[in-house]
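This document starts with one chain, in the form predicted on its own, laid out as structure tokens.
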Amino acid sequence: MNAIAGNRQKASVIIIGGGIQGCSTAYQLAKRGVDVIVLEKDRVARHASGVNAGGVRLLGRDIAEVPLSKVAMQRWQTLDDELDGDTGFRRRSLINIAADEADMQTLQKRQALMHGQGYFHETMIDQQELRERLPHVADYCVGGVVSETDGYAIPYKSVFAFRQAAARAGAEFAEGQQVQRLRRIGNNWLVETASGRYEAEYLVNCAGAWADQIAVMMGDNCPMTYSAPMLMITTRMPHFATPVVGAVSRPLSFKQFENGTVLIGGGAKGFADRARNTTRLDYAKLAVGASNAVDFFPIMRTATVNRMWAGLEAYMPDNLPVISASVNSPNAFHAFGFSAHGFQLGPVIGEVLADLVTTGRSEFDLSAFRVDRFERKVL
């Protein structure tokens, strides 16, 4: 691969999108000596990568994602040292709570499936151990499942840690550069934005909620949608929960930070206006999420919600991301559609894309993540 140094509008690789996947990929490429420019339509970490719940979760992954997620989890344990930055990562374990025996049966089936695939990181716990780990859990809860390596990080800190490490390695970032057109000129890609033209041999699409538009410019169609997952955070409370908490069959997710505040998620979606770059909250759904938190943890009756927000997030019909070479254009790659659980994968996605760009191969089986997997087969 030829490095084109000294020209801020030419590089070997252009990455479209300054979220965690784009910044991680820039870091991995720059670390390998590849000249790279990141084009971000707004600001780095402006959208989902900077405002998500920060879950660093191996627990409950789709089987197809587990190999990637396991490697990503290994990276998170030492990521601050590697990036020489502060991601805010805390290893706290993650417990999904079983509210009844039906939930326990669901977990038993999941455990049999995981063990059959050779995965043993999810451990079922009974009611006594659940209470030892979460003394304030409601009396009716009967058990759960735990992944010990899981935890959380601070999203915007993590993205900026990747950005700063990438910049130190030589990557350049251009913000406020919304891509308007892509063209092939000889063996290179010409990228046109409202205020500039950029050229590179390779193109990587990490454009998040706008990635389907970039994919079409590359020649690839995919049924991506977008939405606005919502979060709320309380004022400081007495410490009552060390593990990150979820539920087996109900929309519940929360974590208590070291300062006592509690972040409540659970996947409830507000209203997304991609054209205007804005989101709007659905307060009825937020109320359901708050009610679930109180139901599982009665101490939450004393909580005061301090702030609520939503971010624009890309979703795929099967909730699996696209991690793939383009099927219709040369030297073009995709990583998008993480469906509200891509944050934890960030460290490994950068490695995978850097491998694809520099060698054309990955050590992982990426067949479940092909960009053309939804195309109708012709008999």
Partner chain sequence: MTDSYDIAVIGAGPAGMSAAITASAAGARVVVLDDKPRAGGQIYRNVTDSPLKNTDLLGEDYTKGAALVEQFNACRAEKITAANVWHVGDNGEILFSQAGASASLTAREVVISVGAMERPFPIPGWHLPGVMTAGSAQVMLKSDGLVRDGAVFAGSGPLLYLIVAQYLRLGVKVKALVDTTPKQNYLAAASLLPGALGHTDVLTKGIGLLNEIRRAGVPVYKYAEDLSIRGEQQAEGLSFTAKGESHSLDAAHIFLHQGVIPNLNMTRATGVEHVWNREQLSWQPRLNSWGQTSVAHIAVAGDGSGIIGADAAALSGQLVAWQQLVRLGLISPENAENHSRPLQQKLQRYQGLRRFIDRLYKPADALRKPEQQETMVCRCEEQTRGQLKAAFDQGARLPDELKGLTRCGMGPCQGRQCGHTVSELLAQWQGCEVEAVGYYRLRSPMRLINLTELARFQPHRQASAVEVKS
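Computed from a predicted structure; not experimentally measured. Positions refer to the first chain, counted from 1.
There is another form of this protein, the form predicted in complex with the partner chain, and it is not shown here; the text below is about that form.
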Please identify, from 117 to 125, 303 to 311, 142 to 150, 218 to 226, the stretch that has a heavy atom within 4.5 Å of the partner chain in the predicted complex. 303 to 311
Even though the partner isn't displayed, in the predicted complex is T279 close enough to the partner chain, meaning a heavy atom within 4.5 Å? yes
Contact of A194 with the partner chain in the predicted complex (heavy atom, 4.5 Å): no
Taking the shortest heavy atom distance, is A284 within 4.5 Å of the partner chain in the predicted complex? yes
Answer with yes or no whether Y156 is in contact with the partner chain in the predicted complex, where contact means some heavy atom within 4.5 Å. yes
Check all three, F89, A167 and T242, heavy atom within 4.5 Å of the partner chain in the predicted complex: no
Here the chain is shown alone; which of T261, Q74, N188, S93 has a heavy atom within 4.5 Å of the partner chain in the predicted complex? T261
Using a 4.5 Å cut on heavy atoms, which of M232, L107, A200, A247 is close to the partner chain in the predicted complex? M232
